[in-house]
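Presented as C-alpha cells, the chain that follows is alone, the form predicted on its own.
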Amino acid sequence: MALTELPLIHAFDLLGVAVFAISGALAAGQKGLDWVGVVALAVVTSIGGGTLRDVLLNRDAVFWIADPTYLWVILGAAVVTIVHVRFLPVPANALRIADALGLALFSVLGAQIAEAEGASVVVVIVMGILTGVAGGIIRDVLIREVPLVFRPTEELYSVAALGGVLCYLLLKTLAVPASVAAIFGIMLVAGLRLAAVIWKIRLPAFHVSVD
C-alpha cells in the first residue's frame, strides 16, 4: 500500500500542501501582488514539485487532477493567509517548522511514488528531492528571486531532503517495512532541516574571481 493511501498520511500530505501554499501566498504579499498573484504563487509553490514529478514519470494522472481536494486546500490556505495577515503577524518560526515537515513528507512520498512507477534508484532520489523543492524554485523564479534552495545564506534544504530519501532507501534494503522506512526518512528530513535552521548549518558558497 502506498503511503498516500493511508488516511493519516493523506491528511499530512494535504497539510503539507497547505503549508507550501501559505509560503507562496506570503511571498506574493512581500512583492505586493494582487489576489490573483497570491493564489497563483500559492498553487505553484504547493503542487509544482509533484506536478513535475508526475509529468516526468508519465503517470496516468497528475495527483491534483486525480484528487481535486488539493486545489480546494490551496485556495483555502491562500484566502486564510490574506485574511490573517491583515490582522495578525505571521509567526515565522512556526512556518519554518511546518515547512520542514512539508519538505520531509513530500520528499519521501515523492521517492515512494517514483519507486512504485518502476524508476531506477537514482531517479527515485531525484524525484524525491524534486517533489520537495521544485515548487519553491518555481515560486522564486516567478518573483525574480534567487531560489531559496540555491542561496548560500539559507540553511540546509535540498541536502536534508536527500538525506531522508537515502535513509528511506537504505532501510528498505535492510528489509525494514516500507512504511517504517518512510517514517524514519520523513523524521530525518525534518530533523536535518530544523537542526540546520537552529545551528545555522549551510553549504559553503562557490565564488569565481573574474579578472
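Numbers for residues come from their place in the sequence shown, where the first is 1. Treat the numbers as computed from the prediction; the structure is a model and nothing was measured.
Just so it is clear, the following notes concern the form predicted together with another copy of the chain, a form of the same protein that is not shown.
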Using a 4.5 Å heavy atom cut-off, are Val62, Val149 and Val159 all in contact with another copy of the chain in the predicted bound form? yes
Taking another copy of the chain as it sits in the predicted bound form, is Ala195 in contact with it (heavy atom to heavy atom, 4.5 Å or less)? no
Applying a 4.5 Å heavy atom distance criterion, does Val165 contact another copy of the chain in the predicted bound form? no
Flag Ala178 as yes or no: does it have a non-hydrogen atom within 4.5 angstroms of any non-hydrogen atom of another copy of the chain in the predicted bound form? no
Is Trp35 near another copy of the chain? Define near as a heavy atom within 4.5 Å, in the predicted bound form. yes
Using a 4.5 Å cut-off on heavy atoms, what residues in 44 to 74 are near another copy of the chain in the predicted bound form? Thr51, Val55, Leu56, Leu57, Asn58, Arg59, Asp60, Val62, Trp64, Ile65, Pro68, Leu71, Trp72
